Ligand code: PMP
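Given next, in structure tokens, is a single chain: the form predicted on its own.
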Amino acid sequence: MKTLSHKIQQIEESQTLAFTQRARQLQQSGIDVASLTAGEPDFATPPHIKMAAIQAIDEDFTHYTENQGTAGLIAAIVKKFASDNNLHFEPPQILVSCGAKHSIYNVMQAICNKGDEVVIAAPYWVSYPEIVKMADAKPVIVEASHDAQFKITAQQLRRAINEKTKAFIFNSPSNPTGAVYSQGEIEELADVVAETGIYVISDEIYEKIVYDGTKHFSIGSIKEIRDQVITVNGVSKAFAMTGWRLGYLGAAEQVAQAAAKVQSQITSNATSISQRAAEIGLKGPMKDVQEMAGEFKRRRDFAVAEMSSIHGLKLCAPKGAFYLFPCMEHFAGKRLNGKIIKDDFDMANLLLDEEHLAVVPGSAFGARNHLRLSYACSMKDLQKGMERFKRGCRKLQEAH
């Protein structure tokens, strides 16, 4: 048998999906597992969006659409970008894809050549470096520390850029940390982008989930770098539509059309039914979105309070998204049941095997000795998960 692709052999499996799958397998075997792995809201998709999909099926709107997306959805996206983000696009600058992840993949394939470098701030979403590798480019990781609230500075960005740098992937609010950059911090990063001429891929999928009066600010609204910014968003998180697989981007027409060319050869259009539903979601009332964000804040407040009682654990309270990203460095190196708990992978496996709690190792996000816990689950599951997390931490505290 011939060998597999060398490129694919260098791609890491998503640890989020891997630990989620392990949790499901244990659940299927009858074990009560509390899973805080997946970034998936436990809410139902709002009723008016579901009805739009049903109507689309009843009307036989079930065939190919334009590769770029339906005219109605593109018009809704243009209006949304203008009203929510102060981003002003024409329809040819929009591309609708099969999820925000697909949008990022299309862009990377469209802009990168072999040997190009793409700057990524760590902690990062697990897929960023792997999507860069699939475009034959090189991820350049810039570490944002816990003490800096997981945000990089303009000086760090400038030091990471050289003649090979093609782009910077920017994510605020952040998965996995919940960090949200202020307008001032973003403007400082934008100065570097303007000086260097690089692209910015701005992943804004969590923009509607922010807390404590925090404001989301789109880097693409800064006019000096408007044509350098590719803004990516979607309906998965804000509208609880993860399974509908619908994302979109806005960019300079040359970039958007190049990404559309990639998509035309990979998937063609996003699902017709999902496009009709997303159009109604973007045009419709935001009451459900606001209520979900309010509930996420309630869960965040509960989980942060629970974690604050754990001696040795460090936590930055998230300002957005729905993840906790505690630093577990204090517990590394402890010996428990005859085994040394070396790092976050050992901690995650310990919690799953002994406490039946599924979390994701921070190393998957570029931050060793951290863990990511999602509070997108129900409050009941979150309470169960926090109880098991605290119990596991107590065991590590008592270990030698």
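Quick caveat, the model's predicted, so the values are computed rather than measured. In case it trips you up, residue 1 is the first one in the sequence shown, and so on.
The same protein also exists as the form predicted in complex with this ligand; that form is not shown, yet it is the one meant from here on.
Per the 4.5 Å heavy atom criterion, this ligand in the predicted bound form is contacted by stretch 235-243, the sole one of 190-198, 177-185, 235-243, 80-88.
Proximity of Tyr323 to this ligand in the predicted bound form: non-hydrogen atoms within 4.5 Å are present. This ligand in the predicted bound form comes within 4.5 Å of no heavy atom belonging to Tyr105. Although the partner is absent here, Gly220 is not a contact residue: none of its heavy atoms lies within 4.5 angstroms of this ligand in the predicted bound form.
Using a 4.5 angstroms threshold between heavy atoms, Pro129 stays clear of this ligand in the predicted bound form. Residue Lys101 is the only one of His146, Lys101, Lys283, Lys133 with a heavy atom lying within 4.5 Å of this ligand in the predicted bound form. Out of the listed residues Ala167, Ile94, Ala259, Ile205, Ile205 is the one that sits within 4.5 Å of this ligand in the predicted bound form by at least one heavy atom. If you take 160-174 and check each residue for a heavy atom within 4.5 Å of this ligand in the predicted bound form, you get just Asn171.
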